[in-house]
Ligand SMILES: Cc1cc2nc3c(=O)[nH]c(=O)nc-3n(C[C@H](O)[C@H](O)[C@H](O)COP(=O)(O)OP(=O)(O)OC[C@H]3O[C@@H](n4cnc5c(N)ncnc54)[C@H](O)[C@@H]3O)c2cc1C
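Single chain ahead, written as structure tokens, the form predicted on its own.
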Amino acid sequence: MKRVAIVGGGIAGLSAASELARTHTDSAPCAFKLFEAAPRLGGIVATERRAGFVIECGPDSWVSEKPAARTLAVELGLADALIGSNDLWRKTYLAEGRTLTPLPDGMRMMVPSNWAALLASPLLSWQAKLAYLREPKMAAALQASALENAGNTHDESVRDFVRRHFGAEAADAFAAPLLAGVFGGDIRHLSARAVLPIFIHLEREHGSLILGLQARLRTAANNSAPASASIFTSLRDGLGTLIERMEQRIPAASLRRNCRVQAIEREGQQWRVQTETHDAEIFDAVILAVPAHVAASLLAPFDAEIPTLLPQQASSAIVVALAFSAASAASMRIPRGFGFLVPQRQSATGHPDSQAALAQRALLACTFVDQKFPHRAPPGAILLRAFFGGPHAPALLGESDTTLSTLALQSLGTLLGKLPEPEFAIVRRWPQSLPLYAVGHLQRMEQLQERVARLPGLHLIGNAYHGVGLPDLIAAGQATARTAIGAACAQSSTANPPATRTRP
């Protein structure tokens, strides 16, 4: 029987385990173990349900146009639980000083589809608007220098990519805050090829991103894409439902919680997995679904170059959810929309002179949760979710939950007006949770794959490699599980050692 070890029970590792459990049959038997260092599964996907509120402590949804998450939810019997974002209310604001200014309607990140809204926006100077007007006229030159030209392995930063098309002001005003909410990173260092694949493709095909987006929208219209489809999808009772259903699918004997893997070793054509609390076990394949710094530690003994190819930096995040009862919410004046972003240029460098100043600099975004999705708060209640990240967030990780909720209330109050005391607050810290895809990331991933291929039966998945969104991680976990079974089958035909060994 084929034996597979999965190290890490986040969304990628759990998806791999769920796929192995689903595909296990008498004709294709597979025994697997999922090792997770924490007491719970799901990684940063975590949902709290309290007093009628549904609170996401990590990601709150997935991009609807990517099918893997929806397909899995339906497969797990959650079709009736799928909900879309309230796109009729979709408006995102940028914090300018103490003012919230809406992003122009029709923006796809930094690319406009509504000229009137862009040209009327107070967020850009007339010089920046002129740069937008010039971009379609530069299509031929931009296409000739496109990053994705055949055979071209050149990369550049997100800021440089956006600057070539629309100028530095657009890069700082739009791309920086939008991507900070996803990666918590600086667009001067993030890889354009890794972070903006859709726009890189549009540049190759059309040169002009504006013309490319227009062509894409026309194609969608001609294909009769449903106009009612929401941009984001979630689950009525929270994304934690997805974790719970996958966990139910996995046999209890295959789960090892509170079980940190100390080392993995090659033993003939197989793998020896050593944990802190159990005897070593032998497997035909190992799927590493751990953060980049953990993977680097486990793989350094095999190849000293592998750690240098993994992302070298990861940002930390703090999520603070503030739940306000209907009585308290009556005095609040939250603008209609999904929330606001804080441009990084507003988060000035230098040492802050107080905790409040530090929190203000670390604040990257706030979601108006009860407006973004239905079924998130009782009638009349308000649920706000503050997201702290970037270079100042690590200094806040050691603060107490009480301190962080107070700082969040103060930080949001500077932009939303003085806020009443919440009914309750929930705080979650996610240290080193967002790997930064630095310039050259995809080329390093190719080199990494070449080196990992020299270690048969070893597979790497997670948000350090080819995407951070839930559909990307789910698809990677499922595909890798199927690959591991095939590879393990080939290896099992040449060796069949005992399943368990005692510690040396």
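For clarity, every value in this text was computed on a predicted model and none was experimentally measured. Numbering starts at 1 and runs along the sequence shown.
The following text describes the form predicted together with the named molecule, which does not appear among the structures shown.
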| request: Please pick, from 283, 368, 174, 387, the one residue with any non-hydrogen atom lying within 4.5 angstroms of the named molecule in the model of the complex. | output: 387
| remark: As a check of understanding, the residue in 260, 91, 164, 189 with any heavy atom within 4.5 Å of the named molecule in the model of the complex should be identified as 260
| task | Indicate whether residue 38 is a 4.5 Å heavy atom neighbour of the named molecule in the model of the complex. | result | yes
| query | Hey, in the model of the complex, does residue 5 get a heavy atom within 4.5 angstroms of the named molecule? | reply | no
| request: Give a yes or no for residue 59: in the model of the complex, does one of its heavy atoms lie within 4.5 Å of a heavy atom belonging to the named molecule? | output: yes
| request: Using the partner position in the model of the complex, report whether residue 68 sits within 4.5 Å of the named molecule, counting heavy atoms only. | output: no
| Stretch in contact in the model of the complex with the named molecule, which is absent here, among 443-451, 475-483, 47-55, 456-464 (heavy atoms within 4.5 Å) | 456-464
| Site test, 102, 343 and 416 vs the named molecule in the model of the complex, non-hydrogen atom cutoff 4.5 Å | no
| query | Is any part of 434-450 within 4.5 angstroms of the named molecule in the model of the complex by a non-hydrogen atom, and which residues would that be? | reply | 434
